[in-house]
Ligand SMILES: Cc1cc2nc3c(=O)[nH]c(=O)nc-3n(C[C@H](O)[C@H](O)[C@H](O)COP(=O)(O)OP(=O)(O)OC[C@H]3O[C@@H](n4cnc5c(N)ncnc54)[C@H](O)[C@@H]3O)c2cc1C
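As structure tokens, one chain now follows by itself in the form predicted alone.
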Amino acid sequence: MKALLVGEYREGNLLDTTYELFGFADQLGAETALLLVGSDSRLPAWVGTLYLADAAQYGEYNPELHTQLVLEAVARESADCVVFLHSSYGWDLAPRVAAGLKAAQVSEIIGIREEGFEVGCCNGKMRRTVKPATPSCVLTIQAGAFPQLQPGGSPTIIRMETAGSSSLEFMGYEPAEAKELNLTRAEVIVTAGRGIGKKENVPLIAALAKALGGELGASRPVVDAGWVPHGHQVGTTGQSVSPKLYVACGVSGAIQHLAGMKKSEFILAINKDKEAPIGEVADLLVVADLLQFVPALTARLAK
């Protein structure tokens, strides 16, 4: 199998998440080539064929021109699949490329199985395995689902150009509004998950966070339910954090949440379900009723 990986640049820099594409391809057992719209000043540490288009000419993102560049690279490589990151770049470009190739698209892949690709469903509560029914396919991979693989070395560069035109012009990036709470700087985060049961139990988790000198975090279901403001959300649709201590209270461990916190130095999970996915990344898993354990732990810390 031959895979064309599509990496990303932002403001002149190669995004480190591009190396997750190599991790995915390694698990897939695919031969790889890489397409980038960027510059010679920031090249990936990798030995292989790099199709490089000039971002100064084509913009760091232009859906019409970038689609043409990807399709031309696919034709040159006779690639069986095209792989994007499941990012704002990838999820916008992937369906355009799939339509151009008349190929199936599988989005937000979190694992590879013998029978196909594993993806989340039911808002991350379940997983299913799907297999493309077309000869070629377009894939996007969930951030953090596959390890970053940086092989090292220097690529063989093939300059890419396209005769296509576009009515769009890339103008730049608009920074997001500053968050009232910046969890990325917190050394300790105590997160409330769906397992806390109800909004009235949030103060129990907040009290533990205070006792540890940390900040209160929340999983997406807790935020969606209106129990905790969005500024506290951890995960791919919230904030990605890497504190010294991360305490997950009643967090099941959906891949979107794990991607946002698994780089924490030490992860303590408190969950009554010993099979919860959060246990796979936790350094310590406490199997207990958190409504009993958390107040006891908070009281002990107060002494």
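Keep in mind that this is a model prediction, so the values were computed, not measured. Under this definition, the rigid core comprises the largest set of C-alpha atoms superposing within 1.5 Å between the forms. In case it trips you up, residue 1 is the first one in the sequence shown, and so on.
This next part talks about the form predicted in complex with the ligand, which is not shown.
Review point. Is there a heavy atom of T140 lying 4.5 Å or less from a heavy atom of the ligand in the predicted complex?
Key: Answer no; every heavy atom of T140 is more than 4.5 Å from the ligand in the predicted complex.
Practice item. Please check if P221 has a heavy atom lying within 4.5 Å of any heavy atom of the ligand in the predicted complex. Key: Output for P221 is yes: heavy atoms within 4.5 Å of the ligand.
Check your understanding: Might H257 be said to contact the ligand in the predicted complex, defining contact as any heavy atom within 4.5 Å?
Key -> Contact check for H257: yes, within 4.5 Å of the ligand in the predicted complex.
Exercise for review: Look up in the predicted complex whether A53 has a non-hydrogen atom within 4.5 angstroms of the ligand, and give yes or no.
Suggested key: The answer is no: A53 has no heavy atom within 4.5 Å of the ligand.
Check your understanding: Picking from 207-215, 111-119, 159-167, 191-199, which part of the chain touches the ligand in the predicted complex when contact means heavy atoms within 4.5 Å?
Key -> Residues of 191-199 come within 4.5 Å of the partner.
Check your understanding: Of D283, D16, E11, D289, which residue is found within 4.5 angstroms of the ligand in the predicted complex when only non-hydrogen atoms are counted?
Key -> Residue within 4.5 Å of the partner: D289.
Review point. Of N271, T32, N62, Q68, which residue is found within 4.5 angstroms of the ligand in the predicted complex when only non-hydrogen atoms are counted?
Key: None of the other options qualify; the answer is N271.
Review point. Which residues from 226-258 come close to the ligand in the predicted complex, meaning a heavy atom within 4.5 Å?
Key: Contacts from 226-258: Q233, V234, G235, T236, T237, G238, G250, V251, S252, G253, A254, Q256, H257.
**Study point:** Threshold 2 Å Cα movement between this form and the one not shown for Q239, core superposed
**Key:** After core superposition, the displacement of the Q239 C-alpha between this form and the one not shown reaches the 2 Å mark, so yes.
Check your understanding: After the core is matched up, is the C-alpha of G90 off by 2 Å or more between this form and the one not shown?
Key -> The answer is no, as the C-alpha of G90 shifts between this form and the one not shown by less than 2 Å after core alignment.
Check your understanding: Superposing on the rigid core, does the Cα of H230 end up 2 Å or more away between this form and the one not shown?
Key -> Yes; H230 is a residue whose C-alpha shifts (by 2 Å or more) between this form and the one not shown when the cores are overlaid.
Exercise for review: Compare the CA separation of G12 and T237 in the predicted complex with the one in the displayed structure, and answer closer or farther (the difference is at least 3 Å).
Suggested key: Closer: G12 and T237 approach by 3 Å or more in the predicted complex.
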